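Only one chain is included here, represented as structure tokens and corresponding to the form predicted alone.
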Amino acid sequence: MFWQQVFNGLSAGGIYALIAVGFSLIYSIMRYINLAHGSLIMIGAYIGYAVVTATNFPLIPALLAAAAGTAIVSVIVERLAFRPIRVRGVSTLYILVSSMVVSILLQNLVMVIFGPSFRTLPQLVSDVPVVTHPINIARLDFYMMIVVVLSLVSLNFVLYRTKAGRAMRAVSFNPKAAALMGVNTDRVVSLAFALAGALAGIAGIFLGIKYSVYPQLGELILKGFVASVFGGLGSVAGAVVGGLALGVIEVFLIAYGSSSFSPVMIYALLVLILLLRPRGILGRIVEDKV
């Protein structure tokens, strides 16, 4: 029972990690929270639903379509809603408000197109478990873990083994110095939003399969935000650790406690972390110099 709950927690935590990594990726470069990230998760689920119902594609093509679609939407949102504010050099508070407005706009746009009702994705994965002893591993959870690991490994390769990744890390460290050294910061920001959007699309597909596809699906972004703060906001590695830890904690609270009590403990844990270690597990202290 114990190891079964550990696996279930890691499976759920992998999705939280994808959401948290998207949060941290944008924050590490732009230093603001993108509240529209939740709507991208919802859009990814709807893109997957539309593609599967129209073409009967299996899981992998549906994932690729959702990742590509949300990446494009994410870049469009950045260019239309965030970049005009950013280039003027005004307070990031205006970007925060803009992201909130974009989130509401996208959610209502989806409601106009698809309606407010819940929709169910066709069965993309067999119900037959991959392993039944000593723990039961559902085929969906198994595939989900593989896709999450491949996504995070691919992101790590982009960040630390490519020229674009070096540019992204340079901009996250010092945007002005990176621009003076010839880095196209606008292109780097677009790439960061594209990567975050692709991860949101993948998370949206799996959340749509596990639960349902509905306009308020993006509200699960709160758990990704908790995971990113827990691991260290702005740290990609911390987001992964925070997501996995949050998944395990949540599953154990539900299994050995109560499903209604679990959210209370999780948000109480967030408050405790903010009080005792505001930078999270792997976050770094940033000092402002005058």
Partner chain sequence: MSQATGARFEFHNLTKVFGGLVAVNDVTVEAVAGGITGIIGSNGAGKSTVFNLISGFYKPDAGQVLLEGQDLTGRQPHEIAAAGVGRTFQNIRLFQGMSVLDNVRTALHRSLDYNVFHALLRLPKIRSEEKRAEEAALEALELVGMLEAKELTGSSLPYGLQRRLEIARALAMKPKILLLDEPAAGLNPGEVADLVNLIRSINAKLGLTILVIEHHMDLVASLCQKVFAMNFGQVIAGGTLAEVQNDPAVLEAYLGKGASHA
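Computed from a prediction, not measured in an experiment: that's the story for all the values here. Positions refer to the first chain, counted from 1.
Same protein, other form: the form predicted together with the partner chain, not shown, and the subject of what follows.
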Considering the partner chain in the predicted bound form, which of 93, 181, 153, 146 comes within 4.5 Å of it through any heavy atom? 181
Is the partner chain in the predicted bound form near all of 57, 68 and 75, within 4.5 Å of a heavy atom of each? no
Considering only heavy atoms, tell me if residue 163 and the partner chain come within 4.5 Å of each other in the predicted bound form. yes
With a 4.5 Å heavy atom cut-off, would you call residue 189 a contact of the partner chain in the predicted bound form? no
Mark residue 133 yes when one of its heavy atoms lies within 4.5 Å of a heavy atom of the partner chain in the predicted bound form, and no otherwise. no
With heavy atoms only and a cut-off of 4.5 Å, decide whether residue 167 touches the partner chain in the predicted bound form. yes
